[in-house]
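Here we start with a single chain on its own, the form predicted on its own, put down as structure tokens.
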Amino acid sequence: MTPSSAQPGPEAGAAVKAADRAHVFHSWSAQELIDPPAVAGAEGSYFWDYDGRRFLDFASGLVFTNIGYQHPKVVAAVQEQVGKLATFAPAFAVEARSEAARLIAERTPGDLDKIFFTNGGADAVEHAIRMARLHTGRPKVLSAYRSYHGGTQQAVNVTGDPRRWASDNGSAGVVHFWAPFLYRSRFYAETEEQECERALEHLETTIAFEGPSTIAAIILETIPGTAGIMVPPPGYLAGVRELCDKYGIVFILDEVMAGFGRTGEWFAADLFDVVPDLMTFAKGVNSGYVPLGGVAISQKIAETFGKRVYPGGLTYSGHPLACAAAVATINVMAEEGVVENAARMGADVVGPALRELAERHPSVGEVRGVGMFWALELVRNRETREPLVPYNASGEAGAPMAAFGAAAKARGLWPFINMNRTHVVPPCNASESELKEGLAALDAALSVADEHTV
């Protein structure tokens, strides 16, 4: 499918936008200050509007279209499932649900072999925390600054970025700590080894002063996503695992964004040879075709609820359409080598190209990432590392990033922008030619960011 065959037309697009503006209430937005583009169609790594303008999606939606848009095998699987069994209550054994759970459990690390299905990542985090609290009988959860875990009440309280502030009621039993991030170290570290050692010391001190017997869980994104794609230094996650074992704390890894091929492994935990007690997932599990998330549960925690009722559930847990999409997506990823493609393209194409861009553009302070999961830290001054825009900037203060984004879109690239960063997170099955096309557009857009450096 191309823009010309997607029933484009400015009049149709105007009608779509008018209905949106009249009735749709958008998330994370001041409703009168936004101008949502009207999308006419999408396929593979691209989408287009009603005027026929096509964009290469370097955001993968919201980092969920890991196999791109409209993959024919996944579309066919959902269509087939609609004809077979469109919906059914979660208390029954349903073929699509059982098979999705089996395929996920085959790929999760260690003994995370029980799968509790949710409708997305935020409610997966909600249930993982609930399981941890019930398993331990303890109230507190420790989570990192520079993190995002979801928009529901508990998930947003464990989130570490400013989206938490408006809903942070201060009574949720959440304590935040600093995770490692050498480029902007809170520990005055000069090497990865120092950053790792001091971050673990800081975490253990936090545990000690909060009281180990009060802490149910530590939750971390294996590689933080929206907060900046900061790959943890070697040994850090293993060190957190050891602290959790030492103090009887449940270790939760949030793989909602990093999972299902994004890092060049099925799960980012595989990069660090670490097995958590609970692991949340969503997004890439079915490339976002039908909402689905879940919690992968270790044997020990599953046994807690062997003869004790787990007090939680969802009407649409393991929805047949979502699970059919997951089965098809996982099979496509295996058959088409999508995970391997993400690893290879990240190592051979994206990573080298981004590092080359950093050498030529003074606005690029740091390049970091793995697989199809990269971030460029944009700065006003490389020496001082002053961000291109202030933390949590809005309005005029965020103008340099807005100008960069507009320049990218003018060149047919749809970027992922958060604060002073642009993330390079294309579909995991993007081709080398598509990646080079996007990187060339990114190169041109960075020249606009360079204009704001000093």
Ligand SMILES: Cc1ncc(COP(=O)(O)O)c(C=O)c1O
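Predicted, not measured: the structure shown is a model, and the values here were computed from it. Start at 1 and count along the sequence shown; that's the residue number.
Absent from the display: the form predicted together with this ligand. The rest refers to it.
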Item to complete: Considering only heavy atoms, tell me if Tyr148 and this ligand come within 4.5 Å of each other in the predicted complex.
Response: yes
Discussion item. Can you tell me whether Gly294 touches this ligand? I mean in the predicted complex, with a 4.5 angstroms heavy atom cut-off.
Written reply: no
Worksheet entry | 4.5 Å heavy atom contact, Pro276 to this ligand in the predicted complex | no
Discussion item. Is Gly120 part of the interface with this ligand in the predicted complex - any heavy atom within 4.5 Å?
Written reply: yes
Discussion item. Quick check on this chain: which one of Val256, Ala324, Ala342, Ile252 has a heavy atom within 4.5 Å of this ligand in the predicted complex?
Written reply: Val256
Practice prompt. Please pick, from Ser317, Thr226, Gln81, Ser363, the one residue with any non-hydrogen atom lying within 4.5 angstroms of this ligand in the predicted complex.
Written response: Thr226
Worksheet item: Counting only non-hydrogen atoms, which stretch in 301 to 309, 197 to 205, 120 to 128, 374 to 382 is within 4.5 Å of this ligand in the predicted complex?
Response: 120 to 128
Worksheet item: What are the residues of 385 to 419, in order along the chain, with a heavy atom within 4.5 Å of this ligand in the predicted complex?
Response: none
